[in-house]
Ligand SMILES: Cc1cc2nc3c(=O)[nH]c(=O)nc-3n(C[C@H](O)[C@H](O)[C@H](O)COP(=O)(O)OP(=O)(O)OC[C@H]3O[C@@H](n4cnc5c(N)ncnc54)[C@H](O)[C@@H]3O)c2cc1C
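To begin, one chain is listed below as structure tokens, in the form predicted on its own.
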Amino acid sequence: MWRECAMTLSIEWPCVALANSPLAKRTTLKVGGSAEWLLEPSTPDELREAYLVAKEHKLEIRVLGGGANLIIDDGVLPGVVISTERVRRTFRPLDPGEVIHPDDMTEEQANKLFDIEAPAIAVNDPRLIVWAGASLPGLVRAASLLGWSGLEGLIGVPGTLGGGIAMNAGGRWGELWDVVDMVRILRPDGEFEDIQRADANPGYRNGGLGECIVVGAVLRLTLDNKHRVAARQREYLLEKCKVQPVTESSAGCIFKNPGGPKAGGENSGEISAGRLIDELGLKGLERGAAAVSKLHGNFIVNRGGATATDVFGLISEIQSRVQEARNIELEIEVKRWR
């Protein structure tokens, strides 16, 4: 598909390609400029082809999932942004039947996935094959409808499977890699590779995959009861809503904890970034339409119309005040595109 762009030569892309396309609405913080090229493949193979074309033209390549844990600068991002929004299928292993999108899954479709009459499917095999663009909220909902346990801890977490695996999304009730059986990646050389869980080494907020792109995975959940699964999800979501701005536009936690991932715990001598910001009275601090959340000091929320300049200005002010008051250098945890 041909598209013209004043900033680059004409390129024949293997998928939908949009020149100078806005990105703010594609992120959870709702700030940022536009992409020189935004590509929208609909399958892992198309994603690979788009990647290879961009690489052939020596363009900088970024991959955009649900836009969580990310802040995009104002202005135009040079190169290519590959969106996984259309690469979002989910299905059972060996299932020759209907392909399901978790975001749209009905209870009837969930029952069909679990149908003991379905050919070539073992009823006691709670696995799902998921492409990178499937949303984490959709997968959590699908697990609830199926009565499969393992994703409850991701309730309220935005983003997509690909990004979630790349950064090992999760929290106190579990991480995504806890249920990963196998992940398919696109290596920097443009070749696919399947990595078994036993051969992977994920850590805190890091899937350990380096520069590789997640294109899909096999998730192995646990057979349970849909009412128990739904009850745990409600319990965890209520707990999160008490301390995090779950319903507001944010990029998630902005700073790493100074004492490491477990800093600020009940028996920890260290202090978390959120608690540190709170103790310095910085909750509610504003810069333009960006503000430090009044619920959690390590979240910056967009109150409507904020720019990336507002957000980064606020981040710099927080870092300066923490450095001045406590001689602690806060390091940014979110990714920044510029």
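Just so it is clear, the structure is predicted and the values come from calculations on it, not from any experiment. The first residue of the sequence shown is number 1, and the count goes up from there.
Below, we refer to the form predicted together with the named molecule, which is not included among the displayed structures.
Checking 226-234, 129-137, 142-150, 187-195 against the named molecule in the predicted complex, the stretch whose residues place heavy atoms within 4.5 Å of it is 129-137. For the options A273, A308, A291, V63, the residue carrying a heavy atom within 4.5 angstroms of the named molecule in the predicted complex is V63. Interface membership of L221, defined by any non-hydrogen atom within 4.5 Å of the named molecule in the predicted complex, is ruled out. When the named molecule is considered in the predicted complex, K240 lines it closely, a heavy atom lying within 4.5 Å. Within this chain, A251 lines the site of the named molecule in the predicted complex, having a heavy atom no more than 4.5 Å away. A residue is said to contact a partner when one of its heavy atoms sits within 4.5 Å of a partner heavy atom; Q244 meets this definition for the named molecule in the predicted complex.
Residues L23, G79 and R86 are none of them found to lie within 4.5 Å of the named molecule in the predicted complex, as judged by heavy atom distances.
Residues of 129-165 placing a heavy atom within 4.5 Å of the named molecule in the predicted complex, in sequence order: A132, L136, G156, V157, P158, G159, T160, G162, G163, G164.
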